[in-house]
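Presented below, as structure tokens, is a lone chain in the form predicted on its own.
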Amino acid sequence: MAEEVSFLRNVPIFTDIDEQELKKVAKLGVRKKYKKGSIVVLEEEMGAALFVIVSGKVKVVRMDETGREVILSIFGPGEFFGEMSLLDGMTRSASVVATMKTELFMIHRRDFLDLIAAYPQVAISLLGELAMRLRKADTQIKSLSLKDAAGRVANVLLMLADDLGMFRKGKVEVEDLPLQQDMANMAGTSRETVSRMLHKFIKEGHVQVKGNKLTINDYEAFRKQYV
């Protein structure tokens, strides 16, 4: 129980709940493990649960009219997904796939709706998170419609930094960088273009790439130049 409470305390929508109430939340959910490549939820299916990531990572994807995968977001530990269909009662708006071995904490729809009714601060925190995601979606749409290739790829790197990065004195380190094809699917471009833009950013001194670890040397300067 102590492990569950410690984990939930770091989930944004539960940060304002005290320890005794967190213990009640912990009893509502169950853990489930997924292998890399497993489909967690499928687009157009009815939503039955809220998912919180205990460990691992997932990608939120849709298919465009040509059948190409478009990645909308990548989520890591402490983040949640699946809330939209729980709130509006409609089907899932996208599929979610585990990109590595992943463990999730699941709260079923009825329990989650009872939770936000009992604890208004959870609903308020949830609204804040949804507003932040909407702003990110607006930025992504703007990037895809207005930016050149460099701007699109830079926007993806900055999104990954915001969602998964560790900030240290202006630098940002992103461990387990997604595959270049996945980044291409986020940027609406080709893998070759992502590779070319990464080399451009490295040559300019904006980023470093070592294995699957990315470092943005000066986050604000990079954002100012490309976004």
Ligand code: CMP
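As the structure is a computational prediction, the values presented were derived from the model and not from experiment. So that there is no doubt, residue numbering starts at 1 and follows the sequence shown.
This protein has a second form, the form predicted together with the named molecule, left out of what is shown; the following refers to that one.
Heavy atoms of no residue among A161, K213 and F222 are located within 4.5 Å of the named molecule in the predicted complex. Think of it this way: in the predicted complex, the named molecule has a heavy atom of just one of K101, K142, R133, R110 within 4.5 Å, and the residue is R133. Between the options A150, M84, I124, A118, the residue in contact with the named molecule in the predicted complex by a heavy atom within 4.5 angstroms is M84. Within this chain, N155 is remote from the site of the named molecule in the predicted complex, having no heavy atom within 4.5 Å. Put simply, V41 is close to the named molecule in the predicted complex: some heavy atom of it is within 4.5 Å. Mapping the unseen interface onto this chain, L72 counts among the residues with a heavy atom inside 4.5 Å of the named molecule in the predicted complex. Within this chain, V60 lines the site of the named molecule in the predicted complex, having a heavy atom no more than 4.5 Å away.
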